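A single chain, nothing else alongside it, follows as structure tokens in the form predicted alone.
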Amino acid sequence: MGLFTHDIKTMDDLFLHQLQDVYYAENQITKALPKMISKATAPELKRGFEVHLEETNRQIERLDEVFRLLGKDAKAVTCPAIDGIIKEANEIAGEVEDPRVLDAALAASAQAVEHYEITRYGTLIAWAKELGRTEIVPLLQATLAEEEATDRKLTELAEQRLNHAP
């Protein structure tokens, strides 16, 4: 077993670890989004980030409810994947001077985050069903639907406005 998986022996352990991982990720995203909002210059992108920050806070509340339904304390475990995605986003955004290029970079970075979250929530839903934890599936599905909608909105915005070369 790997360095971070020493306590994972069962599917329940794996599910809980993944849940704690995504809990950490959502909390890190709430810290990263205000920076992205302040850097975005396209009004639609800035507003999209603001809306997603509100959604992310509601998603954390849903995760708190999932933990409660499982009889577990809401706890995060460090997620190197989301840390890396956010670090890369910050590095790229710090290097771009042209506001139009910066907005395209911010949208791409946000989509990397969304894709990560989509895979995590999809996996959690499948595992919750397998483990017979059907009471938490609707909470996870609600968040997955929001993540997928955000990804679609970012794609539309990028294709219609942000990805056009100056």
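Don't overthink the numbering: it's just position in the shown sequence, from 1. Everything numeric in this text was worked out from a predicted model, so none of it was measured.
Below, we refer to the form predicted in complex with a further copy of the same chain, which is not included among the displayed structures.
- Of the candidates 141, 41, 119, 27, 119 is the one whose heavy atoms come within 4.5 Å of a further copy of the same chain in the predicted bound form; the others do not.
- In terms of contact with a further copy of the same chain in the predicted bound form, the residue from 53, 112, 37, 137 that brings a heavy atom within 4.5 Å is 112.
- Of the stretches 122-130, 60-68, 41-49, 27-35, only 122-130 has residues with a heavy atom within 4.5 Å of a further copy of the same chain in the predicted bound form.
- In the predicted bound form, a further copy of the same chain sits beyond 4.5 Å of every heavy atom of residue 152.
- Although the partner is absent from this view, residue 87 contacts a further copy of the same chain in the predicted bound form, with a non-hydrogen atom inside 4.5 angstroms.
- Among residues of the shown chain, residue 73 is not one whose heavy atoms approach a further copy of the same chain to within 4.5 Å in the predicted bound form.
- The closest heavy atom approach of residue 11 to a further copy of the same chain in the predicted bound form falls within 4.5 Å.
- Taking a 4.5 Å heavy atom cutoff to a further copy of the same chain in the predicted bound form, the contacting residues in 70-105 are 79, 80, 81, 84, 85, 87, 88, 91, 92, 95, 96, 98, 100, 101, 104, 105.
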